[in-house]
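So this first bit is one chain, no partners, the form predicted on its own, shown in structure tokens.
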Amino acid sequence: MRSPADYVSRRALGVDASGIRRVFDLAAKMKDPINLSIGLPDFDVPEIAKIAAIDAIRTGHNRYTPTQGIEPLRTRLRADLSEEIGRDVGEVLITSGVSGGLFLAILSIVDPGDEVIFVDPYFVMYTHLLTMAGGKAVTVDSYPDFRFPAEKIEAAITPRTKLMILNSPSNPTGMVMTEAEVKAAVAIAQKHDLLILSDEIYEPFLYEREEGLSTGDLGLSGNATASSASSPSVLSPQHLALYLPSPARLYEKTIILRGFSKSHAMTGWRIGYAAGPAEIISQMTKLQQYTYVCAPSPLQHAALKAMDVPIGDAVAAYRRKRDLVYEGLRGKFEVVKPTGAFYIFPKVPEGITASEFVVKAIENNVLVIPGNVFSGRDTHFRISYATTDEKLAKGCEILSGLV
């Protein structure tokens, strides 16, 4: 006689959530912890978007939308992205968050046995989604500076390699690929005829200008800044000369994934989007029809309004928080200064694993995530600085006292 556990699929058993689960099991015993673990913006959804969502509900936008999303939002995103990239970016699909976009993209692209290459450390979902799809994750070490290791990436490519995933700005390291690194990645993709999946969910959160970089270097038209200034999810005033070097500017075989969760604090609204070649987006749309059906209808209407909300103040605030955390940790930890997103990835002292250090931190009421959740190594830990300055300062003080 089989027990309920005997019915669980090998696919589900192949997905390991134990790393994060252990942290949160420990956290459940904490009282008012200093929570530096969650990638959740600490500002609220813009008021105009809240009002638009309520209005959409009241005026009857509560039914299914077309699977690909409402036309006004898709048209706006396609126009703005195309102006930013310098060419028509292709079809646009509104997804249930970027996580939903990742799921649909990988299922649309990866066959069992296909290899997918990306750097280590990496966003935790990549390996598990590939397990679900029957693909093989090929990770390439980017320690100690987390720069894109072009030579090591190319050396790891085999005839089974089909897809390269890029994540810039990065979760968990906060690193942003330079224009030269993006060009190197594209050159490798072109040489080996790979598709690129570019996870750009943290695109608005850029903190450093790459010296000598001009709009011409990025493939942007000269009037891109002025004409796109009203669209913060693509190009907005806070960027000034801070433009994300996206591989899509150089390589048409690129799927862009972006969303509103981080830029507009809509993590619970589940609104993301994918843009790229019609042949891929159409397959993602078909799979969405049989999984998510469509992104939430009233919230798509709200996202369209949110595109006109400047988020420069939030970006400036996170730049300042980045500096606060970096300065608070670098005296005691080996740490690379992040240039985007809202994460920092310090190295633990010699003689202790990151998992052991995280237990010590939790015992001292500070919640952080061990690096082995995002990596083949257990040498670093991830901090999210998307919280108050007071909690950041106190958390850095406690963590530094543990060294």
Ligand code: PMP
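Counting begins at 1, following the sequence as shown. Just so it is clear, the structure is predicted and the values come from calculations on it, not from any experiment.
Quick note: we don't show the form predicted together with this ligand, though the next part is all about it.
Shown alone here, residue 201 lies within 4.5 Å of this ligand in the predicted complex, counting heavy atoms only. Taking the partner from the other structure, this ligand in the predicted complex has a heavy atom within 4.5 Å of a heavy atom of residue 261. Although the partner is absent from this view, residue 207 stays clear of this ligand in the predicted complex, with no non-hydrogen atom inside 4.5 angstroms.
Not displayed here, this ligand is kept clear of residue 162 by more than 4.5 Å at the level of heavy atoms in the predicted complex. Distance criterion of 4.5 Å from any heavy atom to this ligand in the predicted complex singles out 123 from the list 103, 143, 118, 123. Among the residues 300, 167, 254, 246, the one placing a heavy atom within 4.5 Å of this ligand in the predicted complex is 167. Note that among 188 to 196, 69 to 77, 123 to 131, 317 to 325, the stretch whose heavy atoms approach this ligand to within 4.5 Å in the predicted complex is 123 to 131. Along 66 to 98, a non-hydrogen atom within 4.5 Å of this ligand in the predicted complex is carried by 97, 98, in order along the sequence.
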